[in-house]
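Just one chain follows, in the form predicted alone, and it is written as structure tokens.
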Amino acid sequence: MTIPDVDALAEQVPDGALLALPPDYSFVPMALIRALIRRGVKDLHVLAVPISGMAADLLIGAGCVRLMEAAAVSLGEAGLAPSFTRAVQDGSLKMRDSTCPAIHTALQASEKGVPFMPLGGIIGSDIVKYRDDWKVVDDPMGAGNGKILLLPAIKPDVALVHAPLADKYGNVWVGKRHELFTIAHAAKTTLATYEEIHDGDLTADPVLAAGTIPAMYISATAQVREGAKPLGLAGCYPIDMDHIRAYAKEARSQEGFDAYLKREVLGRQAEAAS
């Protein structure tokens, strides 16, 4: 289904949704994140796959997030994610700590249609102590490998992606970003913004087909040029590190974040309300 613009696409995300976001180094739909904030979405459970940065920080600072689940939330070279840090410290955000392999494994369980998946390698970690939904059991195969960790499947209500290409059939090309395939396979709904429309069927192209998420996994799309900015989009444009660093500095205080939000996200909506 083609949606006329990004704000209409944001209407497809209900309040209280379990929302899956790709990492900042992947294909992040920042224009759609800003549209969600303008819509006033609330009570989200945001799942970083497996880490997040500016996308999550904006949603948290704008008061859209109730629970954050991630292996990490940071702005990378630009330092701490200021809104996330502030919300964890003042208790306004509930944080559910995880690890990169745990998040991928739990999504793979939904992808495969099973209620849980086993994972080794993190038994003994302090994270396990604080996850009462994770279960450490004896190896059921009796192979002498000791304990194994069982992770419940994670099935996002909505997953968001931004892509360089889509076609009129609803297929979306994400190249080698394989985590986006996992997210789309696991989620009930996947919403995609994209840069350019491809002339033809992406799944029929011998070069592009392998990097294409088929339309059966994509619920709706909208064209948004430069839709990942200020983050980068491989092959299209680089990350704007000057913008990210300036945001990290300005958003250290709630007042600074609010000024950024009014200027860069709310725009005319903020002017109309003032």
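Fair warning: this is a prediction, and the values are worked out from it, not measured in the lab. Just count from 1 along the sequence shown to find any residue number.
In what follows, reference is made to the form predicted together with a further copy of the same chain, a form of this protein that is not presented.
The candidate spot formed by F116, G120 and L151 lies fully in contact with a further copy of the same chain in the predicted bound form, as each residue has a heavy atom within 4.5 Å of it.
In the predicted bound form, a further copy of the same chain lies farther than 4.5 Å from every heavy atom of A246. Contact check for A220: no non-hydrogen atom falls within 4.5 Å of a further copy of the same chain in the predicted bound form.
The shortest heavy atom separation between H178 and a further copy of the same chain in the predicted bound form is within 4.5 Å. Residue contact check for K168: none of its heavy atoms lie within 4.5 Å of a further copy of the same chain in the predicted bound form.
Residues with any non-hydrogen atom within 4.5 angstroms of a further copy of the same chain in the predicted bound form fall in just one of 220 to 228, 201 to 209, 39 to 47, 54 to 62: 201 to 209.
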